[in-house]
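Only one chain comes next, encoded as structure tokens, the form predicted alone.
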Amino acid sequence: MNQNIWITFPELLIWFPLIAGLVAFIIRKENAVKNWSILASLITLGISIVSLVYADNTKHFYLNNVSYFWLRYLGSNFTLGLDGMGHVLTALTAVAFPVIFIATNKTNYKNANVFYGLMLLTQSGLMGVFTAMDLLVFYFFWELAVIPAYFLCSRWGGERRIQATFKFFVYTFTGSLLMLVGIIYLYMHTMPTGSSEHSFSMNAVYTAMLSPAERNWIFWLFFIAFAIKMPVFPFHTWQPDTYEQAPTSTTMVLSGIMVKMGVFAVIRWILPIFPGPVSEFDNIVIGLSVIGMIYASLIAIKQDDLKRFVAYSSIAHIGLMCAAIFTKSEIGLQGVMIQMFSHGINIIGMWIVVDLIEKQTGTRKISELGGIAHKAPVLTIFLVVIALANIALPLTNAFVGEFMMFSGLFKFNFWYAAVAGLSIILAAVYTLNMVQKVFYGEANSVTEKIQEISFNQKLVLAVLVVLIFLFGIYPQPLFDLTKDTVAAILTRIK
């Protein structure tokens, strides 16, 4: 490939955190590796911000796309690209990691160099997933993102971390195996124009020569793999246990970014490859998604553990995204792409607050807390804003995406929208109930000694709150980034 520059943004977004992670492994001093990880993540954020300046591929194609020979005789090139959806999700990943590192900077980990090295390798894998334009490259980074998460959960998690991680492994390994079978079958039925060989390239798999029956069963192989990752009911049972037992910084990555791998993959691969099965099975998928929304919301109302509370809240929001994708509507898909970014910002903010409360009080039990507003008013203000964004209050970032997704669902089927709409009421119930019980009322013996949060913690929460209001009041930049991607996907479906 003839290029005028020596390296592109997708490559930098992948290789820099990868190299930074490898360097972190050899840094023995804890404070040094923490500072290195923060610096590396801020540099990655800078690369992402600069890449957004060149988001118009018609003018700066070579800055945002690259293709090199990789497994040449298998028909796989190392092809990376940044379209609108890729820009949004790499930006989310780039924002999230420095926020997580700074917010949890006071947490001490045994073998900190290994912990931070694995976190940066996870970031590299996530960047690869969101930029891969070759199906085998996509699968490679899919695994690269997940494997470090296993070790992070199993080594630095809670008391029941082994059981939770094993469940996480079984679910994700099963999904990955199903996807690999589907990838190989697709590959064997590709034949790019002008070539006599098979290929893993995006265009080749999009136009794979399959019968309707073949497309139907391969659709389910891919969908189950992605549904586990999101997760969608009934493939969700690994999530609450894993979120509860994983170290909080890892939970932030899993909940804020990694679940978006599944949502992203459905849009990137399932919609264009399987337009027929998508239309044939849309009612089944949307029905499961809506059931999951109501089920998770009802479970969230009864939760006494803050981590499990946030986990079930996340399942409800992801269910709406999955349902909106299968409406195959422009407004629904646009809403999903905006909501992926917004949900990531909001849920990471919720996890930061949960982590701060647990570290100061030693408990996550809602029934044991109360009156925190008297002791930490600034933390309370941040939490209330993030909580209101979580229930999609107008002028917050989540309102825009949820409004568009519900509009798409309403156009598809009124009754689906009506039932799913109950989750809005339920979200307000469980969120406001949690805020009232944890932050208001009288302080007790558990919360009496709680102190106001530090400057670094105020800084990262302030950044998230600014993003909440910025994209709630002016979401146009996200529309501009993703509109061409939505148009391209809809063209292939139709």
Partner chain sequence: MNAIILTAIWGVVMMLGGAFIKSKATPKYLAIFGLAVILVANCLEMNTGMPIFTVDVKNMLHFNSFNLTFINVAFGCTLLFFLLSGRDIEKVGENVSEYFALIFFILCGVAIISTFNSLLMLFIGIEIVSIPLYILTGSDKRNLKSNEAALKYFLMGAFSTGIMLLGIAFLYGGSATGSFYIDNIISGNAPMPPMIAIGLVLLLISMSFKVSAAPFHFWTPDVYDGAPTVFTSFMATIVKAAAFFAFVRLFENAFGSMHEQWQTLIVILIAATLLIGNLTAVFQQSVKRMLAYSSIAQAGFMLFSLFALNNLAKEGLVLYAAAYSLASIGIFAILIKMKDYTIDGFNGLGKQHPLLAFTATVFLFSLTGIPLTAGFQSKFFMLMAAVQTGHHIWLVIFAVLCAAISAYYYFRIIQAMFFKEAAADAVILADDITPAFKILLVITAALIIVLGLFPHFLTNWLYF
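Note that the structure is a prediction, hence the values are computed from the model and not measured. Residue numbers count along the first chain shown, from 1.
The form predicted in complex with its partner chain is left out here; the points below concern that form.
> Tell me, which of Ile257, Leu136, Leu379, Met119 has a heavy atom within 4.5 angstroms of its partner chain in the predicted bound form?
Selected residue: Leu136.
> So its partner chain isn't shown here. In the predicted bound form, which residue out of Tyr416, Tyr109, Phe399, Phe151 has a non-hydrogen atom within 4.5 Å of it?
Comparing distances to its partner chain in the predicted bound form, the residue within 4.5 Å is Phe151.
> Is it the case that Ile425, Ala428 and Val435 all touch its partner chain in the predicted bound form, with a non-hydrogen atom of each within 4.5 angstroms?
None of them does, since no heavy atom lies within 4.5 Å of the partner.
> Does Trp70 make contact with its partner chain in the predicted bound form, using a 4.5 Å heavy atom cut-off?
Answer yes; at least one heavy atom of Trp70 falls within 4.5 Å of its partner chain in the predicted bound form.
> Should Arg268 be classed as touching its partner chain in the predicted bound form when contacts are defined as heavy atoms within 4.5 Å?
Arg268 lies outside the contact set for its partner chain.
> Hey, in the predicted bound form, is Phe412 touching its partner chain, heavy atoms inside 4.5 Å?
Taking the distances in the predicted bound form, the answer for Phe412 is no, it never comes within 4.5 Å of its partner chain.
> Does Leu395 reach its partner chain in the predicted bound form if we count a contact as any heavy atom within 4.5 Å?
Looking in the predicted bound form, residue contacts with its partner chain do not include Leu395, since no heavy atom lies within 4.5 Å.
> Heavy atoms within 4.5 Å of its partner chain in the predicted bound form: which stretch in 157 to 165, 298 to 306, 91 to 99, 311 to 319 meets that?
That would be stretch 157 to 165.
> Enumerate the residues of 152 to 183 that have a non-hydrogen atom within 4.5 Å of its partner chain in the predicted bound form, in sequence order, or give none.
Going through 152 to 183 in order - heavy atoms within 4.5 Å of its partner chain in the predicted bound form - the hits are Ser154, Arg155, Arg161, Ile162, Phe166, Phe169, Phe173, Thr174, Leu177, Leu178, Leu180, Val181.
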